[in-house]
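Taking the form predicted alone, here's one chain by itself in structure tokens.
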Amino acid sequence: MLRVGLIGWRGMVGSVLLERMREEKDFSGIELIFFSTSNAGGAAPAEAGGASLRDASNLRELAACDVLISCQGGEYTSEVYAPLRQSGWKGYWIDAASTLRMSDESIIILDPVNSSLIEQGLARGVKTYAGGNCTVSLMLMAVGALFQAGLVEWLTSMTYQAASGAGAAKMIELVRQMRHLANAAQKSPSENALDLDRTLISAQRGASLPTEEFGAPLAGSLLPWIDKEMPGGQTREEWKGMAEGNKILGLHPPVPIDGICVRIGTMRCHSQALCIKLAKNVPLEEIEQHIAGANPWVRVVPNNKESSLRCLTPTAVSGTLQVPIGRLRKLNLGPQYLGAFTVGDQLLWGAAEPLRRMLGILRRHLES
């Protein structure tokens, strides 16, 4: 029986992964071992069959697993992965963190888009698989078919990324900020719009607004910077678009991808406004056919107000596997310029779901 170790199962991504595995009955036929970085020996979930939590820093116990799935984060991967491989472990490592994504020994997994690359990797003995950046994965779920058809000369993605993309502590702080602003509004002596506006701006700028996590007000505002600074004025989050996007697709030469990544005050789901320079003038109907036929989860939304407001919002998509894309139209820049807007749950297709599905692909490979 395949021995599968799970690390980081209590965090945001790990919790969603565990929930999805339960929904899809993925635990059948495997021996599941739960690891902990802080509570070794404690009680494990029921799927452990009564076994206690193992020590996530114990290389010997980790090496006893055929497959390790980590949602623990990049620091953990940096501490454990290399020593584990150096100890002689030949098992499969499936990781949600960014640490190994661009390594030559890894494949970035998004099987509705790059299943052939994953199968080729398994056939030649690749043992390391990393989930992609959430925003990049969601973008490719929506428009990957256009890249694969050779229709994209370049793409820009202007993102609107949810608080949960930065972790549970950030979500909690956003709610605290919302509560702080709501309390300030309730105490306002006037319901005049300008008076309320002044009250809220004062509350946002005041020292009592909690900003320890974000470093700035997010509620009622936005943050035009995500991740570390990179050369050329990019942030690392923006750099990932071209680097990871082309690796996922296996494109040589690479297609230019760039944009600006922005954190907004939504709890869940990342949205993106896309501008695509097409390699040739393709009718909009043909473009929609390419997109709609790419995978079972992408959905082309008619470009009208009612459909857009009903289907293209984080509220509509949160907690689902749907990746709607709409606002599709040729831009005034010229007939080869395409505009689009897409949204998806970054905790599902952007994080947990590719890991879950990779375990299934691996099991089928090993059984064949």
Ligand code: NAP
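So that there is no doubt, residue numbering starts at 1 and follows the sequence shown. This one's a predicted model, so the numbers in the text were calculated from it and none came from an experiment.
The following text describes the form predicted in complex with the ligand, which does not appear among the structures shown.
**Q** Going by heavy atom distances of 4.5 angstroms or less, which of Ala142, Ala96, Leu174, Ile109 would be at the interface with the ligand in the predicted complex?
**A** Comparing distances to the ligand in the predicted complex, the residue within 4.5 Å is Ala96.
**Q** Using a 4.5 Å cut on heavy atoms, which of Gly220, Pro210, Gly74, Gly250 is close to the ligand in the predicted complex?
**A** Residue within 4.5 Å of the partner: Gly74.
**Q** Have a look at 165-173, 196-204, 151-159, 281-289 and name the one stretch with heavy atoms inside 4.5 Å of the ligand in the predicted complex.
**A** Single hit among the candidates: 165-173.
**Q** Can you tell me if Arg10 lies within 4.5 angstroms of the ligand in the predicted complex, counting non-hydrogen atoms only?
**A** Arg10: yes, in contact with the ligand in the predicted complex.
**Q** Under a 4.5 Å heavy atom criterion, is Ser38 part of the interface with the ligand in the predicted complex?
**A** Judged by the heavy-atom cut-off of 4.5 Å, Ser38 is in contact with the ligand in the predicted complex.
**Q** When the contact criterion is heavy atoms within 4.5 Å, does Leu17 count as touching the ligand in the predicted complex?
**A** Residue-level check for Leu17: no, no contact with the ligand.
**Q** Please run the contact check for Cys134 against the ligand in the predicted complex: heavy atoms, 4.5 angstroms, yes or no?
**A** Flag for Cys134 set to yes.
**Q** Can you tell me which residues in 341-368 come within 4.5 angstroms of the ligand in the predicted complex, by heavy atoms?
**A** Heavy-atom contacts within 4.5 Å come from Gln346, Leu347, Gly350, Ala351.
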